[in-house]
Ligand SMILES: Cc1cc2nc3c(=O)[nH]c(=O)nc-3n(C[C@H](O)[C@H](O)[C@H](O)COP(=O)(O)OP(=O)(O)OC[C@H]3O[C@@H](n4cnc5c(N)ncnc54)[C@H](O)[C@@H]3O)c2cc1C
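One chain follows as structure tokens, the form predicted on its own.
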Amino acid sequence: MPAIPSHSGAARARSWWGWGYTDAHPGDAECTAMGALLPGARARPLPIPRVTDLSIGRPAATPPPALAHLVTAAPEARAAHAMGKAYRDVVRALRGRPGRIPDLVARPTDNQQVADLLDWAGEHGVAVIPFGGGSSVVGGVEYRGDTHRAVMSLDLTSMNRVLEVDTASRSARIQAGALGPVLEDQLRPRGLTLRHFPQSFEFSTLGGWLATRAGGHYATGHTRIDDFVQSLRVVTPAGTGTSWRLPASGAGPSPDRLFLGSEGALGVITEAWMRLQERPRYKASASVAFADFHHALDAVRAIARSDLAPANCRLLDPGEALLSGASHDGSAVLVLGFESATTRVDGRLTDALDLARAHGGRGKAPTPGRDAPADAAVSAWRSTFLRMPYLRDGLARMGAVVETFETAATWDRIPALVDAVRGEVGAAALKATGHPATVNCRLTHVYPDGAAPYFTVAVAGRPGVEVEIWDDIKAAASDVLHRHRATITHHHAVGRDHRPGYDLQRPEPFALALRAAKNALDPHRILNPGVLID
């Protein structure tokens, strides 16, 4: 995959088969050390796969001369656009079985070129897979099937500029292909920020966030990308449309809502006017330990219902706290953080700590009158959080099966949901592998009426059938979520992996409307086939 600029401007190579940068992946020795902690893991890591080992044939379609300069059939580009970054994607690459590799990779630079590419694809039966940063972990950027003569990956990362900034309305018109760091680098000189930082921030785009209704790093308040949208421009096979820029409107169903979360199945989001914020000046954070996880849930609910609005309110269960280095004594740990562009935040942190202590938490109050620096547990968690996707890939090389999934439910369902996932998904992993699994949980986002638990499952697999084991674990997890009326996804999107759960969750009249929209906007059915609807 092409190198992209880092924050310093230096080029770093992206991994075609795994997460992030090639130079950040754990080496063989670190992989072996991790594998030694997992009973039944391989003795030595699988080798890093090479594009030259893949069977990549000639493309099944050729663009016309007018579009040829936008398209490449280079094997390296095609391999890098064949799939996302889910565990099953990583393992398929390690085993040399990445699935259907796109015939072409297109990199348009403006709206008209996107429209021209869609017109050509529709006329010639070429499936088009919109591709942002390629960080999907739910099968959202690959082709599964055989109903199209060829497949084209539509990479928008050449459309990456902030085109306008409206300082009076504190908003900006931004091209959808801007990766997180590229976007923020253009806003920073003006003292502004979009303030949307998902874990995939470095490797995902504005358009990808919009198309998947992404959730950011912040735990409360305006954390979902939906909250920042003023207007969208969308190119569809039926035409291009741009919604009005408005702070709010009651004029019928929102046109933007049709495309937010549509995952490239209805159209290609090419631009958006986004609400911005001033960059924060004041920050404070602290951790709170709990001997009992359910008491910690009560504390988090109390904080979520207050008007304190922490930027970070992550509750780690004992296993997650141990894994991240936030705790070593079997405690659950609540990581709290506050920030503001205008006022000091140490008082809000003190109030949140008081609420946590009232529910059995143990936390040190910051020094009055000044912002508290991050404590050791907060720093350990933050470091592990950013490193975790790389460690997952290292564990995959050791034959481990690692699944992460997230959901959201109302507070009355959360305790039973967490217990059921731990028990039933752990049992399913044991049955599939013969090895005991680790099932950890953390709360990533909290609301006055509910929360979003995030689960990590790790177990030693069996050589050659890791994907099948992953499928069994995914099916068990989806069943638990459905029975507890928890959403199939809070922020990872639907893709192809969550389709069965999504079909059960959505009301049938809405499914009818979605199919009608697909038929109207994509009459040749070329856009991301298999996502959201058949």
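A residue's number is simply how far along the shown sequence it sits, counting from 1. Everything numeric in this text was worked out from a predicted model, so none of it was measured.
Below, we refer to the form predicted in complex with the named molecule, which is not included among the displayed structures.
Picking from 305-313, 104-112, 409-417, 265-273, which part of the chain touches the named molecule in the model of the complex when contact means heavy atoms within 4.5 Å?
Comparing against the named molecule in the model of the complex, the contact stretch is 265-273.
Check whether Trp16 has any heavy atom within 4.5 Å of a heavy atom of the named molecule in the model of the complex, and answer yes or no.
Outside the cut-off, so no.
State yes or no: in the model of the complex, is some non-hydrogen atom of Ser136 no more than 4.5 angstroms from a non-hydrogen atom of the named molecule?
Yes, contact at 4.5 Å.
Is there any non-hydrogen atom of Phe131 lying within 4.5 Å of the named molecule in the model of the complex?
Output for Phe131 is yes: heavy atoms within 4.5 Å of the named molecule.
Though only this chain appears here, would Pro237 touch the named molecule in the model of the complex if you measure heavy atom gaps against 4.5 Å?
Pro237 lies outside the contact set for the named molecule.
Check for me whether the named molecule, as it appears in the model of the complex, comes within 4.5 angstroms of all of Lys85, Ala176 and His492 - heavy atoms only.
Every residue of the spot touches the named molecule in the model of the complex.
Which of these residues, Gly399, Pro98, Gly337, Pro198, gets a heavy atom within 4.5 Å of the named molecule in the model of the complex?
For this set of options, the contacting one is Pro198.
Which pick from Gly461, Gly207, Gly361, Pro453 sits with a heavy atom within 4.5 Å of the named molecule in the model of the complex?
Partner contact (heavy atom, 4.5 Å) among the options: Gly207.
Given a 4.5 Å distance limit between heavy atoms, list every residue of 139-162 close to the named molecule in the model of the complex, or none if there are none.
The stretch 139-162, when checked against the named molecule in the model of the complex, contributes Gly140, Val141, Leu156 at the 4.5 Å heavy-atom cut-off.
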